[in-house]
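First, one chain by itself in structure tokens, the form predicted on its own.
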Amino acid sequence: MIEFSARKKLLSNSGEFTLSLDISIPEGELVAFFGASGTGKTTSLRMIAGLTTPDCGYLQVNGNVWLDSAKKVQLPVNQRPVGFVFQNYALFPNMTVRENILFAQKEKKEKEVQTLLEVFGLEVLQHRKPSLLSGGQQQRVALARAIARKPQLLLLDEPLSALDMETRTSIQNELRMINREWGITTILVSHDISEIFRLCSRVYSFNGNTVEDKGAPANLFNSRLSGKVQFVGEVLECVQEDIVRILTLVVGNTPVKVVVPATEGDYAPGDKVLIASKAFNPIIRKL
């Protein structure tokens, strides 16, 4: 069980606010920190890892006190059994894949490194340096390196946001396998609702200066659902055709064409638009 209470003054686009945290996370769960940018999600991970000091707080992990500001207790970063995967991977550029993973171990065990290379499909790449790897491959190395520390906590700060959908889905499967088979308590910062639904058992919603335990993902997101299907897209092209305009949009990575009345607004390449349609009788096909 993780018991974490903290207060920290932060500065967002709308001004200064005090982040107030009071959360409990059961051991072995994979949970999400969800909310708008600038609400303190990454700062919360950094406070747990010891990289940022709260103004006041208390952190107990599996019965061990890591932080108690009232008693002036603060466990150093290097003594906290935490694996932290950053959005930019933070691999050592002068080390090979194998050396990056080996470096994370307190006790060097080649057999365990080999196991991680096999689990993450990195055997063939083990002697390459990060500059020769794709984004997905670098992310796998970052995850393997974090787990090589044998952490009690795995902290993931939007680790998949820069990856293509196929690579993201593949690594999501690996994260789910790691959580189920190895039982590492994991906190995932993500803006991807489908990712949270797929991976997480619980969601903590960051909203202004408050953090709420919303329970299962459906409890948070289903309350936001309506009778419409909505997408956010970007205009690539606008062509006038008699009394209508044909807009070419990109939604995610998928280009689509829609027809709108010629009298309905002006659209130019680069404009962000909301596309909404009634959710009744949709055409759905399995890919």
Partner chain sequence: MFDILTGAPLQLTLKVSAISVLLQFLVGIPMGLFIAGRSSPLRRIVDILTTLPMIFPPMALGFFLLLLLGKNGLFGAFLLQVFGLRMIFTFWGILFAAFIVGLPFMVKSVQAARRQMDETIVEAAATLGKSPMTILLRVILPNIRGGVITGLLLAFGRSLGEVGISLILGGNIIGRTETLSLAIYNAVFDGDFQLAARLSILLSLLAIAVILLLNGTHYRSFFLNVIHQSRLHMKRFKKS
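Keep in mind the model is a prediction, meaning the values are calculated, not measured. Positions refer to the first chain, counted from 1.
Beyond what is shown, the protein has a form predicted together with the partner chain; the following relates to that form.
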Given the stretches 188-196, 170-178, 114-122, 80-88, which is the single one in contact with the partner chain in the model of the complex, using a heavy atom cutoff of 4.5 Å?
80-88
Can you work out whether the partner chain is within 4.5 angstroms of a heavy atom in all three of 94, 127 and 132 in the model of the complex?
yes
If we test each of 184, 104, 163, 75 for a heavy atom within 4.5 Å of the partner chain in the model of the complex, the one that passes is 104
Please identify the residue among 51, 56, 239, 236 with any heavy atom within 4.5 Å of the partner chain in the model of the complex.
51
May I ask you to state whether residue 202 is within 4.5 Å of the partner chain in the model of the complex, using heavy atom distances?
no
